[in-house]
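Here we start with a single chain on its own, the form predicted on its own, put down as structure tokens.
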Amino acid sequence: MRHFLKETDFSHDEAAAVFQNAANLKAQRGKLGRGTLDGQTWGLLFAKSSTRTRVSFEVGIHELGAHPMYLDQRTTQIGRGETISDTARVLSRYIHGLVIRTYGHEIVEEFAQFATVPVVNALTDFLHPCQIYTDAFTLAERWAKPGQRLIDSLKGKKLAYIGDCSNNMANSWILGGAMFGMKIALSGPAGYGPGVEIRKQLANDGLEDNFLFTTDPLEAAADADVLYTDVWVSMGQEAEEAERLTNFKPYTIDAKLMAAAKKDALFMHCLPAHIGMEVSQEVYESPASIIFDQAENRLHVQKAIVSALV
């Protein structure tokens, strides 16, 4: 039984195949992959609100031939105290796969432990692997040379992550970047750097701890191929909003910061964005911004991920 809970649940070659299949599914949408999940039902168990993740998974699962069933955690028995182990075992008797968007990473790990169907991590507070595969694929679409594997075009490229470097997106870029052979530079306020958990994950996966963290965003952005950011206040951190907005104010990606990167550097954001906070209006609407390519590619990459699990 295969699950996709973190970036390294696929080998490098398997990830390369996911990227290629995503490209094929994108180019032949509506024609390729239609029977992959014929007759199946996949559950989407969400504890956090969502736009892109929910819609892309619902549409993608439908396009692969299955029925997507949305399960709001608040209106199921798990929201009233039923154990994860029981929920996983019961749902496995009904459905053919489970996509989970939740808080603690240990929740998806426990589901995977007890489920007898594939489990996909659609976001936890620790990692967001579907987003990172999508983002890496979006970059590879632009960088790959004719005849080159998409994934191989990422090797040696530098991504600068600006903002909260202790959140799930930063963690996933550290882990995914190491797997893809990219250089990852992160910049945020002191106290918001990568934590012990992501360093342990790198070690457990046999990957080098070779990322840079600095409080100077210009240092991180220097010679970068892409600048990336995320919201400063994630779901569940609302009580820290005032403090965070003050601390992160020097970390807006604006024209000055883009100018520190390579001339043809790209801008990425997993959305939703707060313009004027983590990114300026000028950069957000600039030709360097490929945020809506990212959003679209969630559909194609997630279809490829699910296809690889069945």
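In this text the structure is predicted, and so the values were computed from the model without any measurement. The numbering used is simple: start at 1 and walk along the sequence shown.
Keep in mind that the form predicted together with ligand CP is missing from the display, and what follows is about it.
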Quiz item: Tell me which of 240-248, 280-288, 46-54, 66-74 has residues with heavy atoms within 4.5 angstroms of ligand CP in the predicted complex?
Solution: 46-54
Quiz item: Given that the partner is absent here, does A259 sit within 4.5 Å of ligand CP in the predicted complex, heavy atoms only?
Solution: no
Self-check item: Interface membership of I275, ligand CP in the predicted complex, 4.5 Å heavy atom rule
Solution: no
Exercise. Check whether T138 has any heavy atom within 4.5 Å of a heavy atom of ligand CP in the predicted complex, and answer yes or no.
Key: no
Quiz prompt | ligand CP contact in the predicted complex: S187, any heavy atom under 4.5 Å | solution = no
Self-check item: Among the candidates A255, A27, V59, L271, the residue which, in the predicted complex, approaches ligand CP to within 4.5 Å (heavy atoms)
Solution: L271
Quiz item: Quick one: which residues from 118-154 get a non-hydrogen atom within 4.5 Å of ligand CP in the predicted complex?
Solution: H128, Q131
